[in-house]
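Let's start with one chain on its own, the form predicted alone, as structure tokens.
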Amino acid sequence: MPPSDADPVVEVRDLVRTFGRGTRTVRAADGVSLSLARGEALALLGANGSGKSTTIKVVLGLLAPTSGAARVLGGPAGRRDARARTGYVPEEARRLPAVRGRELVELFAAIQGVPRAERRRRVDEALDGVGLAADAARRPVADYSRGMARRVALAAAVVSRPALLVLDEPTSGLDPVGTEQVLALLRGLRDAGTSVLLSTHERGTAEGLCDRAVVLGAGRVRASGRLAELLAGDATPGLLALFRRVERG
């Protein structure tokens, strides 16, 4: 039976993922549970080493759970059809020296099954949405700054209008104008029904897109709920106060 709109797009239950053997075993994820609804944006927060990247890799099917389960778009994480409907932007976008920006987005449009008749328009929309000018899109990706590399990676991830978008620090390296352009694009996708799982250290990015958050620490869920309530009382611009508070609690 195909999933309904009421079913979670992502559902992680009691996820445990270990690395190493014997006394050197490390639990990178230790009983993590979370869910993401259709058209929702969820912030996955935590300091370095908290388990965010491990959880994301399990959701993407890049890592198998040691125990527990992760379901994506109605089936086990990692299925081919779920991957085809998922866009992903890693923290460090891989650079392809022989490829120009527009060519990269066109390649992803073809791989992800965007109909040929729609590709030019969809590629234009994706590049415009991330604020990558036409002359920049004609340059080799190897010549891009970090911020430009983030923009073209995001354009490649959204060109197919995926059902699920997984983002690891999507606004890292962007100036304030670029950050707002990207957030506006992501809000539009969210409002059109795309579900977004966002890992970030930047408070403004989380607040600009997400209503709910899950905070991880040492591989465990330390807090979860509405982002505004989790941040209530923290006057600092970053997320450090929240991380410290949940660790103490």
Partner chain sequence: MASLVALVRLEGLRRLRAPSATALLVGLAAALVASLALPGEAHGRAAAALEGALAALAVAAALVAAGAAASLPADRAAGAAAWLAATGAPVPARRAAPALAAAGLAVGVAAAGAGLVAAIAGATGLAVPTRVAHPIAVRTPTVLVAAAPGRAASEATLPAGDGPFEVDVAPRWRRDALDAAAAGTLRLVVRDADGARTLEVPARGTVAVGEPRGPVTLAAADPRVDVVLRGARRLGPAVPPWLNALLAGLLVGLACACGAPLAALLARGTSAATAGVATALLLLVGATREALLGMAAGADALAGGAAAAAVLRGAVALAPDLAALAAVGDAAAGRALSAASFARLLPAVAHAGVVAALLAFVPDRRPRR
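Residue numbers count along the first chain shown, from 1. The shown structure was predicted, so the numbers you read here are calculated from the model rather than taken from an experiment.
One more form of this protein, predicted in complex with the partner chain, exists but is not displayed; see below.
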Non-hydrogen atoms within 4.5 angstroms of the partner chain in the model of the complex: do T179, L185 and L231 all have one?
-> no
Pick from 216-224, 38-46, 62-70, 199-207: which stretch has non-hydrogen atoms within 4.5 Å of the partner chain in the model of the complex?
-> 62-70
Could you spot which one of D128, E118, D143, E103 gets a heavy atom to within 4.5 Å of the partner chain in the model of the complex?
-> E103
Taking 4.5 angstroms as the cut-off for heavy atoms, does L132 touch the partner chain in the model of the complex?
-> no
Quick one: is R122 in contact with the partner chain in the model of the complex, heavy atoms, 4.5 Å cut-off?
-> no
Answer with yes or no whether P76 is in contact with the partner chain in the model of the complex, where contact means some heavy atom within 4.5 Å.
-> no
Indicate whether P90 is a 4.5 Å heavy atom neighbour of the partner chain in the model of the complex.
-> yes
